[in-house]
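Take a look at this single chain, the form predicted alone, given in structure tokens.
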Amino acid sequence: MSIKLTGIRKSYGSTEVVKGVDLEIAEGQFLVLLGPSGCGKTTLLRIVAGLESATQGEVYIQGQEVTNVLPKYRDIAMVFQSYALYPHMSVMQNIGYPLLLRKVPKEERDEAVLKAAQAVHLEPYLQRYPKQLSGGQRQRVALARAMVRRPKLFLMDEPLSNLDAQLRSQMRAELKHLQKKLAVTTVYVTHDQIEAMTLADKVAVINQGVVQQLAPPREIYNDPANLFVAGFVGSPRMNFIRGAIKQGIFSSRSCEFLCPKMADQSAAVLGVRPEDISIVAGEGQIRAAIYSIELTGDETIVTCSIDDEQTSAQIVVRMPADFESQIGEVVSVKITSKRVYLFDAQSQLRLRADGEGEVL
């Protein structure tokens, strides 16, 4: 089932929370709406579901306009952050309840429930009640209940946010596998960029009610359109240094970087990811003092303090697990990759070399 949103706006009184969103989601695609709390992503999902009415714009599902069509006629299934299970019903009854409402015969209903339970590995728990399940098992019941209807569209609103880190990782793998197996168009809301990167076919990064960039996860990470996308996607986040570009050189108080094909810019921001810089014994482009050292197991995350153009700032460097140094030691940081980004400090848009589409 394909989805198309054209000119969607939503206002609550004088406050506009969705500002002219245009989106197209292909049949069978897994789209993630990614953004900080309050950016409008859940409101947009509810407009697709029919739970909210758009102030302006149209919603199309499979080519048919459904802007004013009731949710029950849109053939969708929703999974929420809260499990919303019936405590007095067993797992089997919870999963089968949508079919019971549709008056599906018991034999057919039981067969469908068993298949949905098998898909999320819940067969041993069918006779248990929600209070007898772990958080991850309850979330799988909610997923199975959505799946059992065989809808043409899944809408998911931060369904994994209540789970611990290990369960979230397991459920991400389960969700990805199930979505591809069922080939159901899915729209998934999250503020967790790791979920977005691992689950999505395409990511729509949203901020303040505006889609900042719509692209596959790899493109979002490697080719961010602006400062917001560059800083929001990535963990640890991208490092930013404020300065200016003059005669092919980006310079700030603590950094110089050659960018010979770039036009002069009086206020620019250099962005580089932690994996693309390294602390070296020789000369680098940045002088910094070590602020903290965190061993994470397979690598060491080193935070360094620098003097930016206007104020003190920090940069984060990924180093090997055996890296050792002392807090306060002044080090040289070298940019080790051509994957360096420059942004206009005023418009926050990405700067590109004339005719090249690359920074270098």
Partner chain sequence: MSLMNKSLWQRLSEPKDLQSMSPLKKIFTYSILFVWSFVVLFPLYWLFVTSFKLPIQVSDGPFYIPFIDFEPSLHAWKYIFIDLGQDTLRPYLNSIIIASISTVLAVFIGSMSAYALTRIEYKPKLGSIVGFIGIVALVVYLTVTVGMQWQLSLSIGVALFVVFVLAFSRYFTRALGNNDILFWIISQRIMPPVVSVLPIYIMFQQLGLLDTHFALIVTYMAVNLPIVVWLMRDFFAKIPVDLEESAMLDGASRMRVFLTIYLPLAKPGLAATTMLVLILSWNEYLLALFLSTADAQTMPLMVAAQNATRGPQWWYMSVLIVVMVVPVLIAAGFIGRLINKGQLAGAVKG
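Positions refer to the first chain, counted from 1. None of the values given here were measured: they were computed from a predicted structure. For the two forms, the rigid core is made up of the largest set of C-alpha atoms that agree within 1.5 Å on superposition.
FYI, the form predicted in complex with its partner chain isn't displayed, but the following is about it.
Proximity of K72 to its partner chain in the model of the complex: non-hydrogen atoms within 4.5 Å are present. For the chain shown alone, N222 is not a contact residue for its partner chain in the model of the complex, no non-hydrogen atom being within 4.5 angstroms. At the 4.5 Å threshold, heavy atoms of R149 reach its partner chain in the model of the complex. Interface residue remark: H88 is counted as part of the site for its partner chain in the model of the complex, having a heavy atom within 4.5 Å. Only one listed stretch (75-83, 212-220, 199-207, 175-183) carries heavy atoms within 4.5 Å of its partner chain in the model of the complex, and that stretch is 75-83. Taken together, R46, A49 and L101 are fully in contact with its partner chain in the model of the complex: each brings a heavy atom within 4.5 Å. Though its partner chain is absent from this view, in the model of the complex it lies within 4.5 Å of a heavy atom of just one residue from R242, R168, R138, H191, which is R138.
Residue-level contacts in the model of the complex: of G271, G234, P130, G284, one residue has a heavy atom within 4.5 Å of its partner chain, and it is P130. Once you line up the core between the shown form and the other one, the Cα of L133 ends up 2 Å or more from where it was.
With the core superposed, A165 shows a C-alpha displacement below 2 Å between the shown form and the other one. Annotation for L101: C-alpha shift of 2 angstroms or more between the shown form and the other one, rigid core superposed.
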